[in-house]
Structure formats: structure tokens, C-alpha cells
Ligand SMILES: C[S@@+](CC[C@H](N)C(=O)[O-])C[C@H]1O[C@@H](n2cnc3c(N)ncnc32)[C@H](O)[C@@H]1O
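Next comes just one chain, in C-alpha cells: the form predicted alone.
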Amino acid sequence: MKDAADAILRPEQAAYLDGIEPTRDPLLVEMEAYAKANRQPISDPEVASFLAVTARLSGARKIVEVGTNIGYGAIVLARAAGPDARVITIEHDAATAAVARSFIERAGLSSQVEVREADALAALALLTDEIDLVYIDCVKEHYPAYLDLVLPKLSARGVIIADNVLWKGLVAAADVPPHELGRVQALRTFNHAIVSDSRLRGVVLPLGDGVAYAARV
């Protein structure tokens, strides 16, 4: 959900890219409107497109989403990965999880997507199967801990995607407001790990609010 003008692209570039998008899926458009009206932070549409391309290209069969919100990312991932893929998506808030299940059911994906109501760190610690694709869009202060938990469980060709890693540009700022310092420090630690950990080949992309993308090596 965009709550401000593009921070990276110039306005004319953003307008051009919006203009070449194909006809949008009605359910996703409805979810974007719901998120805006209810101030729910979902992925920007261009990030959703990136998720879909990556899920299809990677051939992921076991997908974990850290931070369900209303189910937007889970629906995009499940549709793109195909009927043989399974998505576990983790949401701490019961009311939000119920909204997500409703949208997932309307998408016809209830048998493919499991919404787990749990603390994300606790839920990740309990996972035992290998993971082919992880999408992280949850508590920013916990990004380094999420990475520590999922990396050992990543399959041989596994992929990690994380949203909001530039955090409104504050990750690159010299002066950070005190109330944002914890998030910014955690995201800086996470971004450094994504590009420097010997188990990964990673990059931070200037897409949306910053997207980290890494593959297991």
C-alpha cells in the first residue's frame, strides 16, 4: 500500500511504470483499497509483481511468509507458485488473521495457504521442513532474528525476499529520529547480512520501499 509518493523514482517515471501495467486483478485491487481504508500496511503493487515473478521462476514448493497482514502477499505467492506449492503465512493478530483467511478463501486458496496465528519468531523456530522461498514483511526490529532462523532451513536453491529494507529512506540517512532508531539499526544489520553472508548471494533493490533479494549458494 502506497502511503506516499515514490521515494526512489521521479514522478514521471512512476507514472510511466503505472501506465504500462496490465489490467489489475479485481480481488487484489479490492484488497489494496481495504488496506488503504483501514491503514493496513501491505506490499506495494510493484513489489507484489516482483514476488510473483520470483515465485514462478524459482519453482518454490514450500513458501513461508513472515507477516500475513490481510493475506495480500500470500495470495500473490500462492497463485504464482502454482497448485503444487504450499504457503505458510504467520500473523500474530487474530482479527487480522481472520480477515486474511476471508480473502484467501475468496481467492480459492484455502487448501493451499495456511494462516498460522503466532508470534513470528516462535513460529519460525518450530518449522522443521526445508523452505524454498521466504518473504519477510513483519516487525522491522526483528529482521536480523528472522534471518538467523530461516537461513539454516533454506533449501539448496532457496530464496529470501524482504520488504521495506530502506524504511522510507531512513536507512541511508545521517540523522534518524529517535523513535525510528531501533528499526533503522536492525534493517542496516539485516541489509549488511544479506549482501555479505557467505551462504547467500544478495542484493538490495530500489523497488518500493527497498526490497532485499538473496539466493542460497
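In this text, all values refer to a predicted model and were calculated from it rather than measured experimentally. Residue indices: 1-based, along the sequence shown.
One more form of this protein should be noted, the form predicted in complex with this ligand, which is absent from this view; the next part is about it.
Stretch 36-44 is the contacting one of 168-176, 183-191, 36-44, 150-158, since its residues have non-hydrogen atoms within 4.5 Å of this ligand in the model of the complex.
For the options C138, L124, I131, A78, the one in contact with this ligand in the model of the complex, meaning a heavy atom within 4.5 Å, is C138. In the model of the complex, this ligand stays beyond 4.5 Å of every heavy atom belonging to Q112. Residue contact with this ligand in the model of the complex: R101 places no heavy atom within 4.5 Å of it. Looking at R86, you'd find every heavy atom of it more than 4.5 angstroms from this ligand in the model of the complex. For E105, no non-hydrogen atom is located within 4.5 Å of this ligand in the model of the complex, even though that partner is not displayed. If you take 82-96 and check each residue for a heavy atom within 4.5 Å of this ligand in the model of the complex, you get I90, E91, H92, D93, T96, in sequence order.
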